[in-house]
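In structure tokens, the next block holds one chain alone, the form predicted on its own.
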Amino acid sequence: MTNLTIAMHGVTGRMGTHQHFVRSILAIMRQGGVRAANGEMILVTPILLGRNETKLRHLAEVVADQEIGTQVAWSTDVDAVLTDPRVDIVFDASSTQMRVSIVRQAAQQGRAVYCEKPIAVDVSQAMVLAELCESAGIKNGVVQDKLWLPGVCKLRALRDEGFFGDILSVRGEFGYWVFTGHDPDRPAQRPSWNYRREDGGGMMLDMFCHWQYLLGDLLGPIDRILAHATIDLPERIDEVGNAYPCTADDSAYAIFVTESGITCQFNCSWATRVRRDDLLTIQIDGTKGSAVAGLRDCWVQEMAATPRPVWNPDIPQPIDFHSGWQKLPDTTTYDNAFKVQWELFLRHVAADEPFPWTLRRGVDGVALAEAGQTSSAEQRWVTLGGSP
């Protein structure tokens, strides 16, 4: 049996609290740990780190007790915890601007590092972190949760069984309306730093990292990108009620072309209202069939069920296009995507099991976001240089 102590920095935010702390680490503690392939049981002991004592105390003492029947440790002394020899893993889910210093401190102390994406605000910083971890000889990883979403798992299975035939194109729609906070009855659902470029915010930097590893896994590496970004809502209200100007893009649109020649179009916006099946939908069209996946569900249409429409705007549409799609059944039980990757990383640290999603992979995500920013600013196609 191995017990890994995890210093969790930045878990007072939305993603850190719900996905990493409650639905991953506390869930792992509640199930009694993670069993490695060699039979070894891996237990975890978290220490919550941050600046907000009130939020940390609530998570460590109230939320933890509700979820697992006991409290966990917390501290606002980040330096003391990162230098504590009892710490095995340092996890960071804070703002992108803070990530460099946290990862650097952890690597210098010889701790394993696991962090949210993007790993840095630009490629040069991302490369420094990846090389620092490699030279320190520490195990490291970056969150790439969408690989284990049930909807994406179903797309992957369809691809593997040859359902699509030759894949022709991909279309992704992501986003929803994020309230500005001007109406106190409708507070913003995302932190204010997301909309300040100087704090590491922006749709491209946030979401293009996801599309890089997602498309890479499903279709192969991206060769080039044409992108456009906008600031649709110029002012928002921060966490203390003050108005601030938005300096980072809240909408971004891109055409990605893979090295195999597949065209992928993605629309991303925090200023759009949803009329689709989910907050993220991905449609893959092929010569034999098409599929549309949301976060959990997936619908398919084979060639035999494909309708034969005729353009005629003078009459009501006679075809119910939704009825020709079949919802795939769940053939297995899907765990939380973040938790799945956490368990893989814990097995990697404790039992040396494979974990390819390193900070070096995280550099690729930042490279795509940076290429998108260049494309938008210069209004041109940008070819990626390949994986570093």
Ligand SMILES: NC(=O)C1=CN([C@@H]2O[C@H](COP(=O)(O)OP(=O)(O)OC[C@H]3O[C@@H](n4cnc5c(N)ncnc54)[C@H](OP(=O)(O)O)[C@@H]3O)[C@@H](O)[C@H]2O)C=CC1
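Sequential numbering from 1, following the sequence displayed. The model shown is predicted, which means the values in this text are computed figures rather than measured ones.
Below: the form predicted in complex with the ligand, not depicted.
Heavy atoms within 4.5 Å of the ligand in the model of the complex map, among the stretches 360-368, 6-14, 21-29, 375-383, onto 6-14 alone. Contact between P191 and the ligand in the model of the complex is found at the 4.5 Å heavy atom cutoff. A residue is said to contact a partner when one of its heavy atoms sits within 4.5 Å of a partner heavy atom; A93 meets this definition for the ligand in the model of the complex.
Interface membership of K146, defined by any non-hydrogen atom within 4.5 Å of the ligand in the model of the complex, is confirmed.
The closest heavy atom approach of H210 to the ligand in the model of the complex falls within 4.5 Å. A single residue from the set A73, M98, C153, V257 has any heavy atom within 4.5 angstroms of the ligand in the model of the complex; that residue is M98. In summary, among the residues D206, D250, D88, D277, the only one with a non-hydrogen atom within 4.5 Å of the ligand in the model of the complex is D206. In the model of the complex, no residue of 252-268 lies within 4.5 Å of the ligand by any heavy atom.
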